[in-house]
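This document opens with one chain alone, in structure tokens, the form predicted on its own.
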């Protein structure tokens, strides 16, 4: 009896240790998968570096060449500033006209490309094809094409930027149309309103913020793109920059680059102000 009591006492006074848990963000299989993904990415980058023909002595010598280039550009030749400002004004005008032209062309394509406003599935595919085709071709490539058609000058630059902008504007506006609240559309349709009135009074008010936002954003992008179109003869500041580089007039090129930077910064500030005012 006494032995049993001692045995029970020993059982009651026995201490129990709490189990410890170690939290891990990923399981073992997930860690192996992530490691294999990083390894595959490293192998792809390594393969690309091996396949690309890079003359490494020039790459290692780049910092010295950059320093030498800046020394050639100093001091800037400010005597060319009037001609530079005239070309900058032409560049800004190219961006403004091209943006306006692209809006006129992109809005109908956007309504055709949206599933809830397209008149027919065939037109939907056609609209999507236009958006993809105009967006997939780079602005410089468009500029080369239009320079061959219209010759060197601002017309080629305007058409290049406008056609490139159709895909950007049309895609974002079409997505905004598809995300519209369907309840106003259903309400107007139930009253017997025509399709045109449904679009005008139920869909257009909903997409106006998106329309303003993407238009201002695209204008800001077009300001940047229009500064380099002159390199292929499509007008603007790029033409005199190309001429300065060809003749090794680095001090004049410095003034041109400073002016381009100033225009881009002013364009960014103006677009930010417009977004605050409009949205």
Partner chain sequence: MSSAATPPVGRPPSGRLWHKPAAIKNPWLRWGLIAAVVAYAYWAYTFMPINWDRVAAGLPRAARIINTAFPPDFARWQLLYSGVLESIQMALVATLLGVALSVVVAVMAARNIAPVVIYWFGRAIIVLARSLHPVIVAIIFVKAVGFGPLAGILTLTVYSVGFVGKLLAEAIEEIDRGQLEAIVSTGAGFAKTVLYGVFPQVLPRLVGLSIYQTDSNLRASAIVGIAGAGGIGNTLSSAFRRFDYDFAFAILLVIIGLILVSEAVSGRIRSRLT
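In this text, all values refer to a predicted model and were calculated from it rather than measured experimentally. Residue numbers count along the first chain shown, from 1. Here, rigid core means the biggest group of C-alpha atoms that superpose within 1.5 Å across both forms.
Below, we turn to the form predicted in complex with its partner chain, even though it does not appear here.
The single contact residue among 180, 123, 155, 81, judged by any heavy atom lying within 4.5 Å of its partner chain in the model of the complex, is 155. Only one of 115-123, 172-180, 101-109, 86-94 places residue heavy atoms within 4.5 angstroms of its partner chain in the model of the complex, namely 86-94. In the model of the complex, its partner chain lies farther than 4.5 Å from every heavy atom of residue 31. Residue 69 belongs to the set of residues with a heavy atom inside 4.5 Å of its partner chain in the model of the complex.
Mapping the unseen interface onto this chain, residue 35 falls outside it, with no heavy atom inside 4.5 Å of its partner chain in the model of the complex.
Although the partner is absent here, residue 260 is a contact residue: one of its heavy atoms lies within 4.5 angstroms of its partner chain in the model of the complex. Residues from 136-163 that approach its partner chain in the model of the complex with a non-hydrogen atom closer than or equal to 4.5 Å are 136, 137, 138, 140, 141, 144, 145, 148, 149, 150, 151, 152, 153, 154, 155, 158, in the order they occur in the chain. Residue 50 shows a C-alpha shift of 2 Å or greater between the shown form and the other one [criterion: core-superposed Cα displacement of 2 Å]. After superposition on the rigid core, the Cα atom of residue 30 is displaced by 2 Å or more between the shown form and the other one.
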